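Given as structure tokens, the chain that follows is alone and in the form predicted on its own.
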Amino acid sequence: MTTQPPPHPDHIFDGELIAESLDRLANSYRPRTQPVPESPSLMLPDSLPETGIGDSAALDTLAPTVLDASAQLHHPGYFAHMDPPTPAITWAASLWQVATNQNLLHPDAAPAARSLTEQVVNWLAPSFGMSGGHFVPGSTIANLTALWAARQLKQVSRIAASEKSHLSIRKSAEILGLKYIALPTNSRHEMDISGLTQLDRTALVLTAGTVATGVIDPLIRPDDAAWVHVDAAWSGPLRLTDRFTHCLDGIETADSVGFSAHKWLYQPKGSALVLFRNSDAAHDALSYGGSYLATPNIGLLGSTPAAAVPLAAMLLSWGRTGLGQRIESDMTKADQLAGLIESDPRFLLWGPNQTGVVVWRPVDAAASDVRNRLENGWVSLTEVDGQTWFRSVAANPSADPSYLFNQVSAAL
């Protein structure tokens, strides 16, 4: 009988080391009262160490940077960016993902993870009227992939998008060698396509949730458009709710949709999807083979992590209803903050909450100055029509609108 040699000691399960790392995480995860400097010092050697210091010492060295100086996305006063704290179920599943290190590029390296990933796509695609798609690291890649498919399948020669669209749309046009057309918007930042003609060679990009104000372009497909892509990076998950699914009515008529799971699906960074109405045709157009591959390589990426693992765990844990309730709760928090702003003459609200993005500013003070004085409240800044405004995004289920509002008021 042949005896298998033991695995290398660095590559075995080490429960004590995992427990040690979790203890450090638990001690750091409680909301901190002291603000973190904008550019905290790294307590690291200037050059690559010649001799290692060992596992525990490495964790001790990294903890101040990775844990103690991290942005407090889970703090009740964090109402700032499209970056949510991740739920505990994703931490557990992400540990499995990292430990098994499956590579979706080849069935040998991911015999079950490939099927799991496809199943998660199949769970989500019908809500958008799409037939399938695949995971990508973020919506920048989702947008590029969708527009690449438009060029391959419909021979589009130009991309038209709102002047408020994400910068990845212009990047995609340059990478793909296509003409880029920035279309004007109305006072509410909704795209106006009335001046656009000859759509037969045009990929029209509709934005569902602009970065600055969260506005959704009218999701109407022109009859003569060669291809319509919806960049729903932020607001796409509204489609999985009961109360707000109607906000994205019309998305099902698009040829492709992209959205970030690491935004309003509360996933770790590097998780997004690109979906297609005819996914078979799109994937065929974006497939490449190789002598070392057992199956075609679809899309831009080669080696690909199993990002669907933590998402599958969360969806199984919460279900669509549980997920929808959490997103709806975030929307309620945005409405509550907007109500506080409207009731206080010291502040001005840019517009109503449409997708959980609240844009506001002080009447008699510079928004940037007030933000710099905040200690336990967080808002982001955005420029709208030449003025600097606060931008508060409802991505943190632990956020307390009243707490944040009081922090900002105290900093006036």
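Counting begins at 1, following the sequence as shown. Treat the numbers as computed from the prediction; the structure is a model and nothing was measured.
The next section is about a form of this same protein that is not shown, the form predicted in complex with a small molecule.
Screening H134, K263, R239, K333 for any heavy atom within 4.5 Å of the small molecule in the predicted complex leaves a single hit, K263. Between the small molecule and the residues P85, G138, G250, G129, the one pair within 4.5 Å by heavy atoms in the predicted complex involves G138.
Shown alone here, H75 lies farther than 4.5 Å from the small molecule in the predicted complex, counting heavy atoms only. Not displayed here, the small molecule is kept clear of S256 by more than 4.5 Å at the level of heavy atoms in the predicted complex. The closest heavy atom approach of S168 to the small molecule in the predicted complex falls within 4.5 Å.
Interface membership of L315, defined by any non-hydrogen atom within 4.5 Å of the small molecule in the predicted complex, is ruled out. Checking 116-124, 323-331, 90-98, 205-213 against the small molecule in the predicted complex, the stretch whose residues place heavy atoms within 4.5 Å of it is 205-213.
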